[in-house]
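A lone chain, given as structure tokens: the form predicted alone.
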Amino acid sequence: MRNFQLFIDGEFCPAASGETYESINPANQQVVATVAKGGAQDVRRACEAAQRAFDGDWGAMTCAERSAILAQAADLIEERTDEFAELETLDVGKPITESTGIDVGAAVNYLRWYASVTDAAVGETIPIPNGAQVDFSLRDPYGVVGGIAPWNFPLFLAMLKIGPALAVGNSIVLKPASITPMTTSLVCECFAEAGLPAGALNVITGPGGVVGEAIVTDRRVQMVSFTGSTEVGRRVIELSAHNIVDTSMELGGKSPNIVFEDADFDQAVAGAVFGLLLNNGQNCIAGTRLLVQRGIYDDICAAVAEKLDSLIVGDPMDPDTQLGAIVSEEQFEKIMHYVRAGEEAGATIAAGGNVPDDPELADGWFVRPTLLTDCSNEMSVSCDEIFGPVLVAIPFEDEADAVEIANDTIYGLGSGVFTTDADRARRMAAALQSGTVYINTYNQVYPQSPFPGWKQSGTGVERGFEGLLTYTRFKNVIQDISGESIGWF
């Protein structure tokens, strides 16, 4: 069994309190690691180290030097792909093929992209009509930034905070989710080996109510990047008012995936299933509301149900497994509650809705992928973010009806449209109230592509060039070049 410690000022160390907690494998409830239980004192030490690094060796590095370190760290992570994938699967419960083929690969690719754009956060020149002055802007790093990452994609989403923060010259204090800490701790070894100066990256494991709040309210932290639920995001925003710091929030979603009668049938069915089931539906942008035009509603639902019933739910370490375990007992109970609530509200369970009957899975938290039909947008199962493999199917009449149903939500993270009509696709993309719109695809992510949240799905932008600029603050400079005095007297 492994032991994971805090990473502060370039060294692994126990929590100041000496306390630890256990990391549990959701597939069998066995303890896989002990983890340092950090607290406010540890956060203070980490923030002090981060400030020293920014004021010292790390802050003095050139863009090219930062780029070399990030690129080397990416190479080292890639060399240890199997180790990272195994830990990700043991922590989260996702299939080993997904951890290997998606999570680790995406983390490496994103970090390499950030390494390539360390010199891209440039300002601009603003014309001044009189010619006696020049006006130009700068993009400066904040200094110390705080990062709080969720449990569904621990390595990948940690890299979406570590990568851009370091690329533009900040130092960072990061808190991974308490129930999935292992790969984030391991990545510190790679950055240290790559030559990252002590204090530029610090990782504090422990409870969010203690560690997260201490990060957000520390006076050295000038910007906070948070990914997680809308409920916790509200709390982070409240705490950020303590020191009036900028925040970037990537929050919850209840994304509509819209299928028109003219869609390619097989493509739409595949898009509905994959749109739901990446990471077993534990995905903020998952297309959990399947909106289908009434003329093909029954046929699409039947095909989706057949596909869901055919998927292999099993041991996450088995390469044949397509869907693994739910991350925790709490999340498992939440999912089953919503399935029961949907049925009580009048929905029909067309697929799944139960636990697997394999006795070898009895000790884990497993749920068969579920399709609920006969749903309306008023049901709680259609409105609330479940964060699990539960798809609700809602019929619609025409474009206007689809837009009305799709936008009738507090969330605005993503949406999908399946149609062969290019003009309709463009009309829908313009009408849908979400930061990302997928057309005839779903769940595609690229480091160059910005990822904004609308409404209660977040503020600011992650990923892409816009996401890189999120980790900088804007400075404007006005310089007189005339040599003449100024004033009105």
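Residue numbers here begin at 1 and follow the sequence given. Everything quoted here is computed from the prediction, not taken from an experiment.
Another form, the form predicted in complex with a small molecule, is not on view; read the next lines as being about it.
Heavy atoms of no residue among Ala60, Arg66 and Pro141 are located within 4.5 Å of the small molecule in the model of the complex. The partner is not drawn, yet in the model of the complex one stretch among 113-121, 82-90, 142-150, 297-305 has residues with heavy atoms inside 4.5 Å of the small molecule: 142-150.
A heavy atom within 4.5 Å of the small molecule in the model of the complex is found for one listed residue only; from Val203, Leu413, Ala393, Ala325, this is Leu413.
The single contact residue among Gly169, Gly228, Gly271, Gly364, judged by any heavy atom lying within 4.5 Å of the small molecule in the model of the complex, is Gly228. Though the partner is left out of this view, Asp103 does not reach within 4.5 Å of the small molecule in the model of the complex, counting heavy atoms only. Using a 4.5 Å cutoff between non-hydrogen atoms, Glu213 counts as a contact of the small molecule in the model of the complex. Though the partner is left out of this view, Gly195 does not reach within 4.5 Å of the small molecule in the model of the complex, counting heavy atoms only. In the model of the complex, the small molecule sits within 4.5 Å of a heavy atom of Glu385.
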